[in-house]
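The chain below stands alone and is given in structure tokens; this is the form predicted on its own.
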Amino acid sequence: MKELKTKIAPRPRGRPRSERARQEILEAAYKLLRDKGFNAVGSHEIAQTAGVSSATLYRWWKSKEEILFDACFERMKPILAIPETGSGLTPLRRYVLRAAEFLVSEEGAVMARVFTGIHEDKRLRQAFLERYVEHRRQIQRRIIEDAIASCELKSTTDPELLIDVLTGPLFFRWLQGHAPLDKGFAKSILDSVIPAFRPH
């Protein structure tokens, strides 16, 4: 008697179905966030736009706020990457100029919506610090420490202070909107601040 062999169907190519659904939800959430704003978007609308059930959303997230938060950062990953190539202070200068560009871009406006939308949520504010603020400060800190080691900056330079002095004015104009935020402004900050931290 011949043994019956079970034929195993080949696994479909591409992303697993659940991962595709998750990505479709994030893409739908980002578009709604961009077009309507943080508070105007509901979880049911996200599910409907992504073509999934509301129950599917809660397989991965606990709230609408979490979905919009993840949607924003998933979209921003390549945009927010900090290039570390180049010697001395070149990467830091490049970062400040790119930060000015980003803040006035469409993506920067979406980030602002997320930032204000999670203001009352302590857990998401902490996640924002970890995923956006601290990660980027860590890279800037390393660039500054290397510049101190190579004597491009004073040995007494406080990396935290220098980061705040370089980027603080950008975020102030971003939030206040009282004056233009552009590359010219970013360059003027660099030209005014960096010399004060160089060895005499």
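Here the structure is a predicted model, which means the values were calculated and not measured. Numbers for residues come from their place in the sequence shown, where the first is 1.
The next section is about a form of this same protein that is not shown, the form predicted together with another copy of the chain.
Let me know the one among 52, 165, 148, 139 whose heavy atoms come within 4.5 Å of another copy of the chain in the predicted bound form, would you?
After the contact test, the surviving option is 165.
State the residue from 131, 173, 64, 31 whose non-hydrogen atoms include one within 4.5 Å of another copy of the chain in the predicted bound form.
The option sitting close enough to the partner is 173.
Verify the flagged residues 42, 48 and 124 against another copy of the chain in the predicted bound form: is each one within 4.5 Å by a non-hydrogen atom?
Checking in the predicted bound form: none of 42, 48 and 124 is within 4.5 Å of another copy of the chain.
Look up in the predicted bound form whether residue 81 has a non-hydrogen atom within 4.5 angstroms of another copy of the chain, and give yes or no.
No, residue 81 is distant from the partner.
Using a 4.5 angstroms cut-off on non-hydrogen atoms, would residue 116 count as touching another copy of the chain in the predicted bound form?
Contact with another copy of the chain, yes.
Could you tell me if residue 192 has a non-hydrogen atom within 4.5 Å of another copy of the chain in the predicted bound form?
Yes.
Taking another copy of the chain as it sits in the predicted bound form, is residue 120 near enough to touch it, meaning that at least one heavy atom pair lies within 4.5 angstroms?
Output for residue 120 is yes: heavy atoms within 4.5 Å of another copy of the chain.
Do any residues of 176 to 200 have a non-hydrogen atom within 4.5 angstroms of another copy of the chain in the predicted bound form? If so, which ones, in sequence order?
Read in sequence order, the residues that approach another copy of the chain (within 4.5 Å, in the predicted bound form) are 176, 177, 178, 185, 188, 189, 192, 193, 196, 197.
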